[in-house]
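Quick setup: one chain, the form predicted on its own, written in structure tokens, and binding and motion questions come after.
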Amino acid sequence: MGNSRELFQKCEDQFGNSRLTEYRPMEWVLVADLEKLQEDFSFLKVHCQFNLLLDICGVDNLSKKEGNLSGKRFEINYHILNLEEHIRIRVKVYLDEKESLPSITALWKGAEWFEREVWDMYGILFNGRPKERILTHHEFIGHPLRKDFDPKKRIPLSSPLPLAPHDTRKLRGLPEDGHWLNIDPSHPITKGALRVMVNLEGEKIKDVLLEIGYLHRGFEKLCEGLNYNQIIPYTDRLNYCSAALNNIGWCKAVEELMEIEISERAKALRMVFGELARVIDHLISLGTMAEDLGAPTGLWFFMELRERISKLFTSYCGGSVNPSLTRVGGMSHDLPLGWVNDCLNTVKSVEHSMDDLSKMFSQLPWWMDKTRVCPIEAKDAIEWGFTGPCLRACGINYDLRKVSPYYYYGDVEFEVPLGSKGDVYDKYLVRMEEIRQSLKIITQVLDYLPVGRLNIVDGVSLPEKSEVYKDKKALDKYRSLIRDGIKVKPGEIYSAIEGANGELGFYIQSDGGNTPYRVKVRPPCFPLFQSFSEIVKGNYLSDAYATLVSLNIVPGELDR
């Protein structure tokens, strides 16, 4: 804590107390000057060790009724993290349509795709020139997250980029020597929603071309027309392998913006279902890794374990893939009779099966040969913006459940598994051990599961059905919350949880209504996939397959 105060004083001396504020403990906000933006970022990274760029978020202030004190149309929010002190800073910069921003890719390699996204969605220039589109197609006209963009407008694609490697490399200015090969979208390793092209010299990769946006669903635009609880089912479709974690992350962000505290029982249940979802996500990742590397029976074993856990979700809320099990202020409903015993028995059976699977894979020579490829140095992982298992596989001990505990993560005992080389084998081992640690957390929480009311936040939580049937006031309150939703005070928040693939963050701006003014998702997969080109260069084509599946790219989270 003392170091954080010294660091804040250092920044305050540099920027002045009129520009720098402590928004929340260990979270600061800096209003930057457009002319000195590059200088400010250099100071933050070089002298203050804000070394991990988490996200860049654009906002169009055109429709703001109040709160736009700058008088500028756009604002850009840079979210940056000091890994050593666990301090976050949100750097705000305001600009008009004719103004442009300096690119910060020289400071953070991972900024490239985030800047492309800002250009694509808002039309904001970097270094005075437009970036290449990333989520919309190359013939798209306009910028869809501007407030004056008509969401009903349809812009068809008349001439898609040809799949022929020669035409594509000419269009993009890529090397003409070597042999270009499309391994996507038809190759099963990429699951159909990513495009990967490789430039080969024999079996070695010289260059890589990536395209995303095939699954872009406009989640952030949809949020602007939905009330806060209506958004929950849409979060299911982000990382659909661990949808419960998306539900939890969203509701936690809204609750922090509203400054409300949920019940102890609701916190405990969120931890249980969040860890169950993490286990499912890792099982799917490991199973597809086994299948894609030549061990299809491994997929059957891992998926059978997934089915055991999925039954727990089905018995609780009726759905295993899209559970929508949280509500702002708590949970959708309480546990059914006998669920805790079923869960504890399932946890024990999965623990036993994980030991068998570890013996099956971890020490096999052929498995180790195929997975000890494409190492990643810790400094490169930080430059790209890695979080989660992929960062921990590089030896960086950073897990939000440990460094910034939320709910009861500070009260349970669990370890953070680490790798050393960051290669495919390390990522496999980290996920295997994280499954065991998640099961350990679940057991501890269920052994001391709090009792009492589940949803207790007045004016936010729905009344109990038993009260609604008997009390007219409770009925009116129920109708009002269902019809109008909850109103959130004006303000902004960035809130994050430890998702299955890394830091899952939600940035929300509210103008005081029952729908958010702006929602931005910080998707863990976005910086992970961006790094793929650099990771596999100089390696063999077969190593690229192993690396891609070890990154665990989920298109729904990537494209949003």
Partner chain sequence: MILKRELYQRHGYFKGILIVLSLQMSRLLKMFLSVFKKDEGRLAGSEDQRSSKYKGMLALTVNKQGELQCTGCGLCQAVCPSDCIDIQFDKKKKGVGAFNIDLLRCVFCGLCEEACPIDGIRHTAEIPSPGHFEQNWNIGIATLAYRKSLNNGKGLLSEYTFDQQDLNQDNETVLQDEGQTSNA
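As the structure is a computational prediction, the values presented were derived from the model and not from experiment. Positions refer to the first chain, counted from 1.
Another form, the form predicted in complex with its partner chain, is not on view; read the next lines as being about it.
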ask   = Given that the partner is absent here, does I80 sit within 4.5 Å of its partner chain in the predicted complex, heavy atoms only?
value = no
message = Given that its partner chain is not shown alongside this chain, does L209 nevertheless sit within 4.5 Å of it in the predicted complex, heavy atom to heavy atom?
response = no
request  = Report yes if any heavy atom of Y448 sits within 4.5 Å of a heavy atom of its partner chain in the predicted complex; otherwise report no.
outcome  = no
query = Wondering, does G294 line up within 4.5 Å of its partner chain in the predicted complex on heavy atoms?
reply = no
message = Taking its partner chain in the predicted complex, would K36, D40 and D96 all count as contacting it (heavy atom within 4.5 Å)?
response = no
message = Can you pick out, from I441, L462, A378, I205, the residue that has a heavy atom within 4.5 Å of its partner chain in the predicted complex?
response = L462
ask   = Considering its partner chain in the predicted complex, which of L364, V403, L181, A106 comes within 4.5 Å of it through any heavy atom?
value = L364
remark   = Of the candidate stretches 405-413, 86-94, 247-255, 463-471, the one with residues having heavy atoms within 4.5 Å of its partner chain in the predicted complex is 463-471
request  = For the heavy atom contacts within 4.5 Å of its partner chain in the predicted complex, list the residues of 316-331 involved, in sequence order.
outcome  = Y316, C317, G318, P323, R327
